[in-house]
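Only one chain comes next, encoded as structure tokens, the form predicted alone.
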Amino acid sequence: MEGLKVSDSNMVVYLHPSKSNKFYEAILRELSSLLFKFNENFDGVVLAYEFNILDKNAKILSGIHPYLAVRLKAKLLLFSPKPNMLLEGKVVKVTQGSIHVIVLGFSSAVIADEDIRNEFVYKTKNGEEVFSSKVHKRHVIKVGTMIRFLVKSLDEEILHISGSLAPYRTGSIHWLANHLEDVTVTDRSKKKRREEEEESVLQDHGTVSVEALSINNHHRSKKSKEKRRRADS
């Protein structure tokens, strides 16, 4: 899935001197406070981390409330979705006007009706609300379906994503995994047939034009001969 990346970062963690005898646990507590929040410095949401302490001898910062500055080398797993990226999530609600999704268990996403391609139609089957494909009957999106969708935008403050199912490569992950290649081949075949039909039409028009030109030249030649005969007589 797109939107996930690993970042190597040099960090400084500030600890109260009272934590000096348990500074490792204090560092874990400080780093854990970054989890599942959007961080502008890292341009993403911190999902996981691992670190090494670069300097065992922490420096004490002068001031009214002096703190220990501990330098770290950290490896961070970030969730940083951008427009036009493809994300995956679980459908948790379907209505006539929208599909609601949870991504990675913590970030919400909504796909509005205008961002769902016309291939899908809203239906109610056995009391269950679904979006079903008009082209591929087994391509169904309902509560519990894992889907792939396109990112339109992200609200960083509440970690809410606006998504889209407009591209053909979006929809039920299970269905796409088994049929996307077939759909692509079909689309290519249709495109090739259109190109062949267009080329055939052009060729037909070209033949007519040549024939018409040949007839016109014949009439002109005939008229020219008649004029010469009249002039000689």
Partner chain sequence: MRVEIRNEEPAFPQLDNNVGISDSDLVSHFKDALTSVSTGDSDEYNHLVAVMHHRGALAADEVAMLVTSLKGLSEAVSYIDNVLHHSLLASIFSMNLWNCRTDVMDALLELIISLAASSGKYVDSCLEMLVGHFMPPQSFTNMLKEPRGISRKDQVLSRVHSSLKIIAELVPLSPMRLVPIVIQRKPHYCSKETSLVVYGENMLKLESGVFGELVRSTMLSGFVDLLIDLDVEIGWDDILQDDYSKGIFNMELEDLDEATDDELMDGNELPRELSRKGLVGNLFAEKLDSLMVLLFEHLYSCEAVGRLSEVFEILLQSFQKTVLTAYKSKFSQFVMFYACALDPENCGSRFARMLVDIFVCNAYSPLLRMSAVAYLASYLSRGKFLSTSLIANSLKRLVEWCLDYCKMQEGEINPQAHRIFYSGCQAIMYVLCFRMRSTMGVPWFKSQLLAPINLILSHNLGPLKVCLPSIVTEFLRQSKAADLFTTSERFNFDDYLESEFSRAFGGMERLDMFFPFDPCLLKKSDSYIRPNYVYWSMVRPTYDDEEDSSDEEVDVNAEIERNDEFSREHEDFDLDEFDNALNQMSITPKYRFGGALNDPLRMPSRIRPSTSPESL
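The shown structure was predicted, so the numbers you read here are calculated from the model rather than taken from an experiment. Numbering follows the first chain given and starts at 1.
Another form, the form predicted in complex with the partner chain, is not on view; read the next lines as being about it.
*Asks:* Is there any non-hydrogen atom of H160 lying within 4.5 Å of the partner chain in the predicted complex?
*Replies:* Within the cut-off, so yes.
*Asks:* Do P83 and the partner chain share at least one heavy atom pair within 4.5 Å in the predicted complex?
*Replies:* Contact with the partner chain, no.
*Asks:* Just to confirm, Y49 within 4.5 Å of the partner chain in the predicted complex by heavy atoms?
*Replies:* No, Y49 stays farther than 4.5 Å from the partner chain in the predicted complex.
*Asks:* Is the gap between N118 and the partner chain in the predicted complex 4.5 Å or less for some heavy atom pair?
*Replies:* Residue-level check for N118: no, no contact with the partner chain.
*Asks:* For the chain seen here without its partner, which of 130-138, 144-152, 100-108, 70-78 has a heavy atom within 4.5 Å of the partner chain in the predicted complex?
*Replies:* Every other range fails; the passing one is 100-108.
*Asks:* Only one of W175, Y168, F42, F36 gets a heavy atom within 4.5 Å of the partner chain in the predicted complex. Which one?
*Replies:* None of the others qualify; the residue that does is F36.
*Asks:* Taking the partner chain in the predicted complex, which residues of 78-93 have any heavy atom within 4.5 Å of it?
*Replies:* Heavy-atom contacts to the partner chain in the predicted complex: V92, K93.
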